[in-house]
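Encoded as structure tokens, the following chain is the form predicted on its own, with no partner shown.
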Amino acid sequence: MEFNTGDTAWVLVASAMVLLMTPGLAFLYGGMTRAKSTLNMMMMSMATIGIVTVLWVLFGYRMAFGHDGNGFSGGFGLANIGADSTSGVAINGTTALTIPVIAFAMFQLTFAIITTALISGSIADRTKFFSWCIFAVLWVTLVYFPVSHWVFDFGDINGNGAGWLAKRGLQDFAGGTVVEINSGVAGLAMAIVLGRRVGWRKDPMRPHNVPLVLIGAGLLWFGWFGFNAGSALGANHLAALAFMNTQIGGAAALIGWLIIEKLRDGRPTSLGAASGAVAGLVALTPSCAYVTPAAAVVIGLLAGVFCSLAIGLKYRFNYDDSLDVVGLHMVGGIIGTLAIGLFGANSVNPAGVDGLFNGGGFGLLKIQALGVVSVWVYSFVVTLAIGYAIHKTIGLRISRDEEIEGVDLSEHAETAYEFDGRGGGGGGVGSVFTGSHKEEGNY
């Protein structure tokens, strides 16, 4: 068939934008950690790009979007990503794709990459790199690929082979359940498995490089337009609505977070601005194409307020979610997914359903709640099992002495910063050990 070149071009550009989000996440997470953990934190994101890409091509795409499964998984075996066909792929179960399947597959691959990388923030400062790589292989295979099929696969144009939540009418435009709740809950499970960092709640564990955090947040914000608007899979009105609502959500949540900081702590912070923006972008991920811009303001504000409060839950329940993956992604994803059941408006998207506040009753809200609960339970249980299996066999956590010295040195034999003025510009692995790394202030 003849493809729409404009739609294809937009999806390819959006794919590149979403892929950029993972290096952006590496900057964000790298700046939020202590200096001795920067490279390990960034490496976990970068390694995920390689691992997930290979698995996606081998069998992941078929598990997520094959139509020979049972609603739980798309099927098993080697993926068959065609470059010149849209057979068997539909949008919302009614409209055939106007882009090549290989473009669709590339776009969805970038989602699998960033979702897996997000989990690493909850286990910063204390994780063996090789064990993380094994975890990434198992998690994306056993959790992400099936959940992606549940929600994102609408089957062929007759609805055959659709995921079980998609069949029930779950509204999740770009991954509030698949990406945000999924990664946030997995982060909670892994934080429980690994336990708390040495000195947690006693030593200050502040971000060592806030400008790096802001750079990472900016790259994520940019990439999120591809993430959300690209999910329209075409250059059309729906993409424009998602684009606008994404901007609104990030901006409104940034304001909401800073207001809470001012009221609670007396001062708004740069880290708060970055975190607020991410919270809003997370909340609009599922809802961006199902609500009006006015509703996006409300959803963004709610995300900014409640996510800023939610990050304190780790102190109440005593789990060490290092970089607040739970408070931002799990809570933000829940807010955005449930918000569709309240603010959903068929007037802005013919494939949408009116929510409670638009006269639609509780029907959609119940379906949204089903999606939240089912993904939450499945992701938590399976991630916990994967985490404990690795922890009890090859081990997940570095030793206490290695953690105190720094995971960068113990796992990678290098450091992010050279503080010895005697060093030249040549570097090399050997130069890592010439500086007095233990004199660094953020240890």
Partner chain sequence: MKLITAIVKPFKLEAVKEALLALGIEGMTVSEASGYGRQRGHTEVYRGAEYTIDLVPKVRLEVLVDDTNVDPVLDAIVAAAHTGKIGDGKVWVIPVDSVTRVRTGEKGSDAI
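No experiment lies behind these values; they were computed from the predicted model shown. Positions refer to the first chain, counted from 1.
Just so it is clear, the following notes concern the form predicted in complex with the partner chain, a form of the same protein that is not shown.
Annotated contacts: 210, 315 and 323 all touch the partner chain in the predicted bound form [non-hydrogen atom within 4.5 angstroms]. By the criterion of a heavy atom within 4.5 Å, residue 257 is counted among the residues contacting the partner chain in the predicted bound form. The shortest heavy atom separation between residue 328 and the partner chain in the predicted bound form is within 4.5 Å. Taking non-hydrogen atoms only, residue 120 never approaches the partner chain to within 4.5 angstroms in the predicted bound form. Under a 4.5 angstroms non-hydrogen atom cutoff, the partner chain in the predicted bound form lacks residue 219 among its neighbouring residues. The stretch in contact with the partner chain in the predicted bound form, judged by heavy atoms within 4.5 Å, is 271-279, chosen from 243-251, 291-299, 271-279, 104-112.
Among 215, 351, 311, 137, the residue placing a heavy atom within 4.5 Å of the partner chain in the predicted bound form is 311. 206 is the sole member of 262, 206, 366, 237 with a non-hydrogen atom within 4.5 Å of the partner chain in the predicted bound form. Although the partner chain is not shown here, in the predicted bound form the stretch 109-127 places no heavy atom of any residue within 4.5 Å of it.
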